[in-house]
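Following this are structure 1 and structure 2, which are two forms of one protein chain, each written alone as structure tokens.
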Structure 1
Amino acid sequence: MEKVLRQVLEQVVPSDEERAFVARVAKQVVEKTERAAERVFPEADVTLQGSVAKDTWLSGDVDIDVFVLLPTKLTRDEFREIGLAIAREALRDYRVVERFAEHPYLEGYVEGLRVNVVPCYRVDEPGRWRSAADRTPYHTEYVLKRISGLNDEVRLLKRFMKGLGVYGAEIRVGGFSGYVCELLTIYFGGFLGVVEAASRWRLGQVVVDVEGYYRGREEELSHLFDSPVVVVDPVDKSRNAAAAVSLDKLAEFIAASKAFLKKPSTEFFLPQTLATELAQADRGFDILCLWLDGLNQPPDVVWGQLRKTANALQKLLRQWGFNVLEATPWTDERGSGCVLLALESSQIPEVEKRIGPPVDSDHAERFLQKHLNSPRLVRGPWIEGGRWVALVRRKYTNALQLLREKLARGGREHGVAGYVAEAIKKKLVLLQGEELVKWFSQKPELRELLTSFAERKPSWLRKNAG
């Protein structure tokens, strides 16, 4: 165990050189933002936030978060306008992306590092939040007071969660945020403390109340927060800091924690890239893909729309009798994306049994008339367990054919999300079999995507298989 953790620490703790470089870039961005504020709106304050401020960032994997604090007297429109104006001015020399999904902010790249310039309100006391970003300075303050000596423990936990694929509160992941990692580390006293606790967690009753706000009345929490994990935010006891964590990400974290304690390995933190042998003709099950281009919305919007579409396609296929194993959205966040569908089989039997009403019911007559007059009837109607049943020919026996027809006009009526439907209307790209393999062979990230979707085993289980 010790050896494993030492090996991981070597990878995740930044060197002095890297620290100096990040510190210099951060200082430079803060100064540029301060000058921009001076020019645009002198009442604004500029501070460094996020993992760089808290010294919990991972080597080679850092965001610089600079916050612009604005007075609460500003209206929402003024806030947005002034905030973005300062951010634009600060990053005028760099390539930037405006981010509007939930909260307006600017993302830029400075000397190869990602920089976020984020406006927020300078609220005079916790609780009086005006925008989604207002808690952040309080979070940073809270963590800084307690993190001393635990910084590398947070790094281990973040890397562990990244290795599992459960790190990140964004829609795409539905996992644990950096802040939640910090709170867990503080509460359980270190990385191993968190993992040992998690290995004993029970699905449906995970509650971490760092400041003990609900001491003695923990059962209230499950009523207050309807989430698989509840981590009471120390700066806002009415907020669940882990609200983003989905049941399955929690389950993966629990399962991996158990497995890690039983057999520690760096594989949990730093999974091997998959050997990508794509040509699996004899896979046994079928993969279908709806490919999309021209998705030019912010990543969070695209992920949300693709997730919705994945759910819609899964529902549609199940409705028509297909056994869908999984529907997974993916986007490169640069305008392209897809929904991958794994099916037990994309070809299903020609017929299906329809269970009708009991013979003594008033609906029996209608069932009989409907089926007796249908050209799709192949057997019966006969009586089984007192009910009429009939065997009818299916309308669709092939999943690709079903999707081709149902998506011909975009598929909005079947629950496909708006931008996705627009993209489909321009061009419907459905892939299967060799065509799919060929398509996904084009780029390493696509090869990796398809292979891991096909294999679907958590990376930390891969080695055990041998």
Structure 2
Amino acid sequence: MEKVLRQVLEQVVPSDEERAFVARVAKQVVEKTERAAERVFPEADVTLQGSVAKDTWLSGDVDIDVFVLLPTKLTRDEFREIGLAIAREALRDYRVVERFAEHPYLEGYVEGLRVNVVPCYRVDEPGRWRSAADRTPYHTEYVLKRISGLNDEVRLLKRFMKGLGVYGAEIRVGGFSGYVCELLTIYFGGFLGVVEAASRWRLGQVVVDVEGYYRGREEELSHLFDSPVVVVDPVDKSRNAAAAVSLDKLAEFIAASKAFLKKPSTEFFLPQTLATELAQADRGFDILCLWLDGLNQPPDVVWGQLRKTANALQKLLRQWGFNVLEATPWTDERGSGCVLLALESSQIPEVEKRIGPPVDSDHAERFLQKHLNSPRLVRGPWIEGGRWVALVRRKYTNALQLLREKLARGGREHGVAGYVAEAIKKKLVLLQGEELVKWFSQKPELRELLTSFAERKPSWLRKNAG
């Protein structure tokens, strides 16, 4: 165990040179934002927040979060307008993307580092929040008071969760945020304390109350928070800091914690890129892909639209007799994305047996009329087990053919989300077989995405489950 953790720490703890570089860029961005605030709205304050301020960031994996604190006297419209104006002025020399949480903020890249300039209200005391971002300065203050000596323990937990794929509160992940990692580390006293506790958790509702606000009254939490994990926010006892964590991500964290304690390995933290190429592999099921370009919307919007589209395609295929095993959305957050579909088979039999209503049902006559007059009737109708039954020829036997026809005009009538439908109208790209593999072999991230989708097995489980 000690050897594994030592090897991981060598990878995740920033070197002195890297620290100096990040500190210089952070100082540069803070100063640019301060100058921007002076020009746009002198009443604003500028502070460094996030993992850089708390010294819990990972080597080679760092975001710089600069917050612009604005007075509460501003209306919501004034707040948005002034906050974004300051952010745009601060990052005017860099490529930027407008992001959305509860309200918009800007993301830019400075000397290769991702920088977020985020407006929030300058609230006088906890509880008087005007926006979700208002809590962040209080989060930073709280963690800084209690994190001493545990910084590298937080790094271990973050890297562990990243390796498992359960890190990140974004909608596309549904996992544990960096702040929740810090709170868990503080509460359980270190990385191993968290993992040992997690190995004993049961699915239901996991409760972590760092400040003991509900000590002896834990049953109240099930009424306050409908969530598989409750981490009571120390700076706001009415908030669940782990509200984003899904049941599946919690379950995977529990399973991986048990497996890690049984057989420690760096694979949990630093999974190796899979060598599997899939090309001619016969896996017993078929993979189809709807590929999309021109998704030029904020990433959270794109993820939501792709998730809605994945559900719609799954429903459409099942409606026509195809057994869909899974539908997974993905985007590179730079304008491209896809929906990957795993089907039991993309080619189904030409005929299907339709089970109708009981012979004494009011709907029996309608079933008979529909099928007796159908040009696709092959056999019957006949009675079997007290019900009418008919054998009919399918309209679609090939999933790709079905999707091409139904998505020809964008697919809005079948539940495809708006921005996705517009992208489909411009160019419909459906991939399968060798063409799919060739397309996904162009970039490492796509190759890994396809392999991960086909394997559908956590990397740590491949080597450590036994």
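Because the structure is a prediction, the values reported are computed rather than measured. FYI, numbering is relative to structure 1, first residue = 1. We call the rigid core whatever largest set of C-alpha positions still superposes within 1.5 Å between the two forms.
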(request) Would you check which of the pair is the form predicted alone? (result) 2
(message) Using the rigid core as the reference frame, would you say Phe253 shifts its C-alpha by 2 Å or more between the two structures?
(response) no
(message) So, superposing on the core, is the move of Gln442 at the CA at least 2 angstroms between the two structures?
(response) yes
(message) Taking 2 Å as the cut-off, check whether the CA of Gly165 shifts that much or more between the two structures after a rigid core fit.
(response) no
(message) Using a rigid core fit, what is the CA shift at Ile383 between the two structures, in angstrom?
(response) 7.1
